[in-house]
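One chain follows as structure tokens, the form predicted alone.
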């Protein structure tokens, strides 16, 4: 895949060698992400950061990643403050906003909307999440995190066991991650959810067709003996009403006691965030915060690296980042 000038809309675009290339570029971004040194490789470039659905981490992460490469960010947040609220089409919006931008990151509540927007865009578009469909950059940072965490235990993605827990029906992060895992070998996936919130059949078919072992269960505790536990929240915004979402809230809680009794001593805990810390939900308890295998914040940090890599690649400057580096005057090593 030639990334320069290309949209990033779906994980279906990537083969395994693409993933390895992205991860190699992401690793090289670490000193810039940690502010040890700066780069101005995107000096003068503008990111159109269009988020028509609530977001904190993803929106800020995209903006920070672009700033760290020397670029500038212009944002639109919320449907009600955009011309879409006046009936403007995604195509027309794309034609206009892309004339103001060099690359666009977009989130929208409707499945397929980002791809529709990209048809009208004159510049590369990166999907920041389209409804319950896909979240490709989250999947990339999740896979990068899995690789990094397993490496510490001298393990690889090939042959690993991952347990995905929670709302697997509506969770776009697990849909996209599962599709990427299909590029690897001999992965065992335990898919743990209420029956009504099970992983869609097309995702399961993709995994099984790749030769992976898939275990489907509504019993969390006895399926946690995995290398990775990927916990998710109930996607209440995808339900027709709050009462329906409330039926499932709090059913699959992971806390320190359950981790000690049912997980391996080195099981890595992941979560795409935000985790729901309300008392009636609390799917990932705060008593795990000091557990060294809790990777959720390292996972979020990795989002900067992946998004920096994607911006550099889509704008064709991945091999020029070091050429435009300069010192950070206020930096002091801690």
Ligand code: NCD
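Numbering follows the first chain given and starts at 1. Note that this is a predicted model, so its numbers are computed, not measured.
Form predicted in complex with this ligand: not shown, discussed below.
- Contact between residue 107 and this ligand in the predicted bound form is found at the 4.5 Å heavy atom cutoff.
- Contact annotation: residue 49 falls outside 4.5 Å of this ligand in the predicted bound form, judged by heavy atom distances.
- Within 4.5 Å of any heavy atom of this ligand in the predicted bound form lies no heavy atom of residue 212.
- Using a 4.5 angstroms threshold between heavy atoms, residue 101 stays clear of this ligand in the predicted bound form.
- None of 57-65, 286-294, 40-48, 26-34 except one has non-hydrogen atoms within 4.5 angstroms of this ligand in the predicted bound form; the exception is 57-65.
- When this ligand is considered in the predicted bound form, only one residue from 193, 127, 138, 121 comes within 4.5 Å through any heavy atom, namely 138.
- Just one of 273, 269, 304, 281 comes within 4.5 Å of this ligand in the predicted bound form, counting any heavy atom, and that one is 273.
- Along 155-187, a non-hydrogen atom within 4.5 Å of this ligand in the predicted bound form is carried by 172, 173, in order along the sequence.
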